[in-house]
Structures are given as C-alpha cells and as structure tokens.
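Okay, so here's just one chain, in structure tokens, the form predicted on its own.
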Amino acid sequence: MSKHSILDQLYGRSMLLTQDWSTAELEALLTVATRMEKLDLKGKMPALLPNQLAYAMFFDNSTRTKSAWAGAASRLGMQPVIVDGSSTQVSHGETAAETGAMLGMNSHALGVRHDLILGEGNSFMRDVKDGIDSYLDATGNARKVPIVNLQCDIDHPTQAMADLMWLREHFGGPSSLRGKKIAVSWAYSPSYAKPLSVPQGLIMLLTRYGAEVTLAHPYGYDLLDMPMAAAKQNSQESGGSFRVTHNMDEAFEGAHAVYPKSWGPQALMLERVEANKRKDNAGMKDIEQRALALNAQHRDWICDESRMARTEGGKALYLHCLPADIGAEVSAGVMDLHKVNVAREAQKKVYIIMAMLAVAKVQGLAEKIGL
C-alpha cells in the first residue's frame, strides 16, 4: 500500500498510543512531519486549516509541549486555545464524556495531557473522544475532531515520535536505527516522582525499528506490564532486541544513544492512585516524600562524563525530553556538550504535532504539501 493510500486512511484518526498505529502508519506520519519541517524552514508551509480552533487541556505542568502545540496549530493556520485542566469542571464531577461533548461543540482538534495518575490518563482521553464523537453524531455534524495524546499515564506519543525523528536524522535515515544500541535509563531526580510514560513510550516505539534497546533502572522502578510486553513483541517482529538491566554502567556500555530520565517507583505510583481516589491530599504528599526518599538512595544513577565514556567511541548521542535535573539526572558538562542536540530534539515535536493534526484533518494532504 502506498503512503498516499495510508494517509487517506488516517483522515479523522486520533493518536492515543503509538502502539495503536501500524508501523506503516507511523512511517507515513513521519514522512509528513519531515516534509512539513522542510516547508516551514523555507517559509513555504501553507496554512492548511485556517479559522479552526485547536484546544489543548493540560492537567499537568508543561513548557515544551504547550509551546509545540501552539506552534504547530499556528503554522497550520489554526488558533490554539490552551485550557488549564484544573479550571475545568472535571474536579467537580463532570465526566470525561461530558467534557468532550462541550469541547467538541467548539473545537476542531483537541490535545490532552493527563499523566500523573496511573490508570486514568489514557482512559480519560478515550472517554473524551467518545463524548466528542457522540455529540457530533447526534447533531449530524461531519466535523472531524481528533484527539492528540500530549502525555498520559502510559505513553507520550508526541515526545517519543519527536525523539524517533531526531534519532533518524542524526544517524542518517529511516533504517538507521537497525542494530543501534540505545539505553533508556532511570536517573536520579530530587524534584518529584515523575510519570512512567516517557520511558514506556520510548521502549514501545524504538523497538519497532530494529534497535537494540536496553532498559535500565534500580529495583522497584519497574514499568507497566503493557508497554513491557509491547516492547518485547515489537523487538521480535523488527529483528531488534529488548532487555532489562539494573546496572546503569552496563546499559551505557557501547551504546550509540542514551536517554537517562527519572520516573517514580511503581509501587508508590500505584499507591497514589488510591490516595487520589480518596482525595487524600495529605496522603498524596506523604507518598511523594517517600518516593523522593527512595530516589535519594540512588543518587549515583547520573549520566556523567565517566558513564558517557563507556558508550560507543565515548560519543553517544544524549537525549532528554527536558527539563533535565542538572547535577542529578545529568552532569552540567554532559548537558552543556549536548545543549544544541536536545534543543533540536525538542523542536521536532512541533512538526510531529503538525503532522498528527494534518493527517487527521486535511483530505488530499499529500498533494497539498507536495509529497
């Protein structure tokens, strides 16, 4: 099937998990993102979606993703509208489906970040989509309002796809990840118990492309079963590999790219689910402090010069979704060396979001952008 045919099939499609899309569909998306980047850098990107509203709800803090959403929507001719999730009626009992129906009346696309509580974020997004679709069907409205996952409890698709886009550019093309050793490692953070979705998104996506992915973390920082199973299956199908180690040095040994990133201990992240249901604010704060205390037992899990020296030629590509805890997750020296690289990595998210919106919203997209 041609990429043009695949693009036609993506019309109206939401991006809730990369695992929901076939590898061929992801390839078509990357082709669009790459083309849009070239057009944008030449100042020739057409406004494909003028006079449309691109809403985005954020239930967690964000700098890069908010900026990328606004930049992507504006480049397509859309008007971005950022909604603080805490200002909605969700906390007062409004269901996700009701929220979706209300936003579906006004928006032409919707991004959602809901990543802090395991078992909630992705389900919330799917319920919002059902609410929007039900409203549009009931009113006979043919409008397509795709949902873009801007980070949930399972995955961070816009980040993982941006990382993939940057890795392929850095290493030299679509097939360049085959055989490359990539370390996705836990790293110490003193700031807060971060979501599991970034490493989960990475292991699910990078294993599709023949990479040799190593996941490293201390005991107790396991990822969820679903992304772990997906990573194993994807690696088998792509001819790559996937393994787990509890030794950061081992993960870095001979690596071509490293992604050291903190996330919370799974047992406490699960405990937080019940405390959140009870609206136990004191309990939530106690769990957070215990999570940070556990983190502090692994202060030596840092991406520093000595660990980078273990990588392939001592010159592995350093990646991070940002902001990184400098002096904890990564040394100041390593970050300084890669500050342009991580900025270029972050900028790819703009084009990934543009592509996600365009494939879902624009009929005849291939012709309109010269593919």
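Quick note: we count residues from 1 along the sequence shown, nothing fancier. Treat the numbers as computed from the prediction; the structure is a model and nothing was measured.
Below, we refer to the form predicted in complex with phosphoric acid mono(formamide)ester, which is not included among the displayed structures.
Enquirer: Just to be sure I understand the contacts: of T214, Q159, Q200, N149, which is the one whose heavy atoms reach within 4.5 angstroms of phosphoric acid mono(formamide)ester in the predicted complex?
Expert: By the 4.5 Å criterion, the partner-contacting residue is Q159.
Enquirer: Since exactly one of L29, C303, A56, C321 fits, which has a heavy atom within 4.5 Å of phosphoric acid mono(formamide)ester in the predicted complex?
Expert: Selected residue: C321.
Enquirer: Can you work out whether N61 and phosphoric acid mono(formamide)ester are in contact in the predicted complex, taking contact to mean some heavy atom pair no more than 4.5 Å apart?
Expert: So N61 counts as contacting phosphoric acid mono(formamide)ester.
Enquirer: In the predicted complex, does H114 have a heavy atom within 4.5 Å of phosphoric acid mono(formamide)ester?
Expert: The answer is no: H114 has no heavy atom within 4.5 Å of phosphoric acid mono(formamide)ester.
Enquirer: Answer yes if any heavy atom of K349 is within 4.5 Å of a heavy atom of phosphoric acid mono(formamide)ester in the predicted complex; otherwise answer no.
Expert: Yes.
Enquirer: Going by heavy atoms within 4.5 Å, which of 42 to 50, 306 to 314, 29 to 37, 321 to 329 lines up against phosphoric acid mono(formamide)ester in the predicted complex?
Expert: Checking each option against the 4.5 Å cut-off leaves 321 to 329.
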